[in-house]
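Take a look at this single chain, the form predicted on its own, given in structure tokens.
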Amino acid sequence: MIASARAEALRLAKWPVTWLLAGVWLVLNLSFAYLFTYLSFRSAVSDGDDRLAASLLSQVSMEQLPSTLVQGMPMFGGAIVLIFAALATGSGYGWSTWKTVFTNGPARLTAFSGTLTAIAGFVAALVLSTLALDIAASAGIHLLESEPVEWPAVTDLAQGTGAGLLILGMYAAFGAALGVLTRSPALSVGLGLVWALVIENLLRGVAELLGPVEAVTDVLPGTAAGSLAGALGAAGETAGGAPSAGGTPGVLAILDGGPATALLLCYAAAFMVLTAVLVRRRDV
């Protein structure tokens, strides 16, 4: 498995898609979490609105790192990681490389475990890169505005990092399962994006009218991810799905942090078990 993980890590590191998707996420995170907020802050200062300026400056402060880190992950970051994982597993069927690996290499699950390990490494590197970029951006704004830097508590920062790993890890497991299930990179990406960006939001939109639907939407993967981000303080949507003022799409206040964490762990485990069963039992 170690040899398979090294080989997959090398393949993914040399794959342009890996760097493209990582770059897209980092640019999105920097732009929406810091750049646009800072530009709004400067505009409020120019207009003499001190109250709004203080509120906007607090949103990009170092103290808000745990919530800022995860606020875009339930929808945008999750979708990007889902695309990456679906392409990483589904492309092996499109290129017929899984057929070669499974017939000439180690046992199927051993070989595929290397791929999952490499995907997990990508997720961890992405979360840590996002954290480093957020620290640099927040520190830069503090320096420009001559504001003192007040670091968040270590426990809060660890919670934010762990939540980011869990949210993106669940979406990575989801994407990997779709890639194996469909055996097609294009179809798996399409189905994943339709589910994450369209179907879940539509279901939450009608949940207020239909009680049974609401019971289902409260335990969906996106709900668990958004609720975990909301539990860390990220501003998002109301329970009914309407965006709150200045909120980030996908961030919810439906579940508490504990149930949301448990659901994410269950979904990640279920997706990985489904992937293992399909890889082991289906013909290539």
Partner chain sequence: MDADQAGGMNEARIVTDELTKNYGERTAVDAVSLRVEQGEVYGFLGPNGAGKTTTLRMVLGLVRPTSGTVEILGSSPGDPAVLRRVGSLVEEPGFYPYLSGRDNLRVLAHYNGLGNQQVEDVLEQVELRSRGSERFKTYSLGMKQRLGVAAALLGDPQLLILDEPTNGLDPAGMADMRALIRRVAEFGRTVLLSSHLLGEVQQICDRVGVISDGRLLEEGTVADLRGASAIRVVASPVEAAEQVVEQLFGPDAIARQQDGSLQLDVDADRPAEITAALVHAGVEVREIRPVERTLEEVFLEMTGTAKEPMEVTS
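As the structure is a computational prediction, the values presented were derived from the model and not from experiment. Numbering follows the first chain given and starts at 1.
There is another form of this protein, the form predicted together with its partner chain, and it is not shown here; the text below is about that form.
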T100 within 4.5 Å of its partner chain in the predicted bound form, heavy atoms: yes
is_contact(P16, its partner chain) in the predicted bound form, heavy atom dist at most 4.5 Å: yes
Contact of A111 with its partner chain in the predicted bound form (heavy atom, 4.5 Å): yes
Touches its partner chain in the predicted bound form: A270 (any heavy atom, 4.5 Å): no
Option from 77-85, 90-98, 200-208, 170-178 whose residues, in the predicted bound form, bring a heavy atom within 4.5 Å of its partner chain: 90-98
Contact residue in the predicted bound form, chosen from A186, A107, A124, V149 - any heavy atom within 4.5 Å of its partner chain: A107
